[in-house]
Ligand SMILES: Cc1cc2nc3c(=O)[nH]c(=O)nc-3n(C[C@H](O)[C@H](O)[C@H](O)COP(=O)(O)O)c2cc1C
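Next up: just one chain, as structure tokens, the form predicted alone.
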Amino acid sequence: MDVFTALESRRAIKHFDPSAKMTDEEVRKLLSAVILSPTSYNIQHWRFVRVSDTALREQLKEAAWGQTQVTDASELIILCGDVNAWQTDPARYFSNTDEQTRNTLLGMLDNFYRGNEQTQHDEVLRSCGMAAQSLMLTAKAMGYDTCPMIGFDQKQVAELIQLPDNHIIALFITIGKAKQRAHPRSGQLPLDEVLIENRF
């Protein structure tokens, strides 16, 4: 499936076929593609929590106000991010570069993030957003449907998955086979309304 077809056919599916299962090999193929998504300074601060425990999925469904896709979908991935990844052995982010380039990038990275907590936080969400889109399009290309979700109790979910300090939760993505088709698109704004040339 080409990227344009994946973009046009990807929809947020609310009802999944609980009997449809992804294999471990498929999940690994999917996530191996997703981690090629871009991140600032190649920090790769996303962390993907694959929830396979059925009892935990039930608890997470409660934290998501009873939304059935949490338990009915083949896979539930919780996209999180480490806000301190910029300072956790950062040389590894540039391991394939020459020493001069690596040292330059390490200095730039430190100057950009140190003391700027808002940027550290925002960068995790930006990176998780790009990874989420990669995940949804790749899943669609593999013949699976997805649903991005922000409707859940953040604090409760953090407790359930034992979220480490200095990590934040960006969103859930459920993956599986649609049991019901999505409703028609509810109203796409025209390109001319959202495309601005040079200045507002």
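Bear in mind that the values here come from a model prediction, so they are computed numbers and not experimental data. Sequential numbering from 1, following the sequence displayed.
One more form of this protein exists, namely the form predicted together with the ligand; it is left out here, but the text below deals with it.
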Segment that reaches the ligand in the predicted complex - one of 49-57, 146-154, 159-167, 32-40, heavy atoms within 4.5 Å: 146-154
Establish, in the predicted complex, whether 14, 69 and 185 all lie within 4.5 Å of the ligand, using non-hydrogen atoms for the distance. yes
Close approach of residue 10 to the ligand in the predicted complex, 4.5 Å, heavy atom: yes
